[in-house]
Structures are given as C-alpha cells and as structure tokens.
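Next up: just one chain, as structure tokens, the form predicted on its own.
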C-alpha cells in the first residue's frame, strides 16, 4: 500500500514536470517564433532603410549636380551681364566724353548769360547720365564680387569739406541751411577707401537735397562704440517717408513709390549701392524717418587711424609740364580734340597718333616723355601698342597712361599688365588729368 502511494506520487510529480516542460517548450517555441518574426521584420526594415539610403544618396548626387549646373549657369549669366555692361559702358562713355568735353570747352569761352545757362544745363544733364552709367556699372561689379576697396591713409576732414563744397551752391539756391558737425574724437587721418566714402556721402547728401524744399540738410561724424569704427549721420527736414517706403529703401531699382520717380527721377540704385559699400567697408546703413518730418540716414564704416601725409599735388608748375614731349594716341576725332584742348590748358602741345600702329612708328622715331594711350582702336589697340613700345630698346622709357572708356577693374589690371603706368577713364575731367600728370611730374 505504501509502495503504491509512493508510485502514484512519483507519477503525479512526473506529470507535473512534464506539463511544466511542455509549457516551457511551448513558451520557447513562441519566443523563437516571435524572435523569428521580429528578425524578419528587422531584416525587411533594414532592407527598406538601405534602399532609402541608396535613393537618398542618388537624390543628393542628382541635386548636387543640378546645383552645380545651376551655379555654372548663374556664373555664366553674371559674366555675360558684366561683359555686356562693360561693353555698353564703353560705347556710351566714348560719345559722352565728347559731349562733356565739348560742353566744358564751350563753357570756358565768352558766352552770354543765356548761353552760359544752356551750356550749364547741358553739363548737368550729361553728368546725370554719367552718374546713372556709373551706378549701373558699380552695382554690376558688386554683384559679381569684382569691386575692390583701396586701403590708403587720407584726410577725412578735407574729404568732407570737398563733398560739402559741391552742395553749397545748391543749398543756397534752394534756401537751405547746410550744416557740418565733427565730433572732437573723430580722427582727421584715417585708413580706407576715400573714393567709396565720397560716393556714399555724395549719394546721401544728394538725396537729402533732392527731397528737402525748406529747412536744413546736415552731416555729422561721430565715433562709434566699436574701436576704429566711425558713424556718419546725414539728416534733413524734407518729406520723410512711411514704414512701407523704408522697408524697400535699400533694394535695387526701388523708389519709395512711383510718384517719387516721376517727381524726383533716379534709378533707385544709389542707396542699394550705399548698402553694399558700407558692408564691404565693415559697417552697415540704416534710416530713421517719418512722413513729413524729415529723415536721418546713419552708416558706420571701419576707420583705423592713418598717418598724416605731407605730400601735396602741385600743378602750379605749368611751365615744367609745357616742357614735356607728349604723344596723344586717340582714334576718335572729337575725343582727340577734347584731349588736345585739355592738354593745351596745361601748356602742353601734344603730337597726335590715330591708332596703335602709328603710335609705335612715331615712338621709334622720337623720344617722348609721356604717351596718353586709348585702349580700343582700329589696326592696333592700345594694349598691343604698349607691349610693342615696352619691347623697344629706347634711351628713355616713356610714361604711358591709358585714356579709355573701359571702366572695370580688370581693364585697369590689363593696362598695368601690358606695361602702362596709370589709368584714366573717360569722360576725362581736367582736374583728374591734371592730378594724374602731377603724380609723375610734380
């Protein structure tokens, strides 16, 4: 009896263990099934991710190639536009040089009061056209990243004085007060690009004069919170502008509204160029204005202290210039006449060559101190003629200065690379010619 009970107990225990083993096997199989399903799902997901990654790489490569093609097209378009503008600038500047030159020569003759007024209007209109050409060309240079700034020491006080002197007569004619304020902490001599600073000041003061019928136009210079940075404010009591007009003020080819263009004229490029220039000069520009309450334009620019220069351009020695032997090389008859008359005002009687071939032949026969060389001429251009002259075994090396309607930086570089000593862009101004000659013959 007792043995039977032990047997039954063992049997029951075996059954329990068997059930437990069965449950564990079942659980293990289920776990294996689930693991297999998950592994399959992970594998399938991994395959999907690989396919997605491969597709993304293809898309990235495709997009990169598309962007590269678009960039090349944009660069080609920018280059084509720059070349077009440079060509058009040359073609327009060439006759404009004749118009401005002849107008100036006519202005210097004996004229009646009415004739003088007509010639003065002709000069002003021509200079307005030249300013538009320069604005378009400058904006193109900035867009193409080809505008380079000078870094020289110059007299800031003298520059501001010269700029304000230009607007003094206009202010008097309109009955405006023109005020200039210098903070005592502003240094007189600074390092930078005086030409571009002058351009910004001229643009802002011109706008202030244009939009102000009564009251005051002012210019103030002050130090900035940053070291070696100056702040300039050009303010007026003119028409002012609302928030909508201010929001698009520094956009290219934009005016406050359509009536502004009709009433005051302009391309809308001036302030856009000022915006780009101040950025290049390490600063920024902004405006504060209310309609009918005037405007205040502020801009900052980097202005490290410069060294005072005692060098003065002396052109009083006209007698010494008269002793120079000069060759003028110019194919355009009107521009030849203008340049000849400008030289005669300096007591210089120049020999004439109508193209590069003739200039080379004349240089072989006579020794010249100075050659004023046009760039684009028939038969032989100025660059080729300069290279031929520089290759000659001459007893005296003449100074060669380009007189050209090409006004791009690369044009100047080409002139210097060909062996020229300096560069004057057309239209030729008497003061510019005088100062250039004075650098070589003080």
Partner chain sequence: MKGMVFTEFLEMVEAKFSADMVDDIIDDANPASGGAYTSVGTYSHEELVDMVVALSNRTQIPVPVLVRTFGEHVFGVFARSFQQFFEGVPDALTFLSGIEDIIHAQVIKLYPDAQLPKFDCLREGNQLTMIYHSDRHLADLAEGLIMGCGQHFGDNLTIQRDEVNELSTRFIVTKV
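Numbering follows the first chain given and starts at 1. Just so you know, these numbers come straight off a predicted model, no measurement behind them.
Here the subject shifts to the form predicted in complex with its partner chain, a form of this protein not shown in this document.
- The closest heavy atom approach of residue 26 to its partner chain in the predicted complex falls within 4.5 Å.
- Its partner chain is not shown here, but in the predicted complex it comes within 4.5 Å of a heavy atom of residue 31.
- In plain terms, the part of the chain that comes close to its partner chain in the predicted complex, with a heavy atom within 4.5 Å, is 31 to 39 out of 66 to 74, 371 to 379, 31 to 39, 392 to 400.
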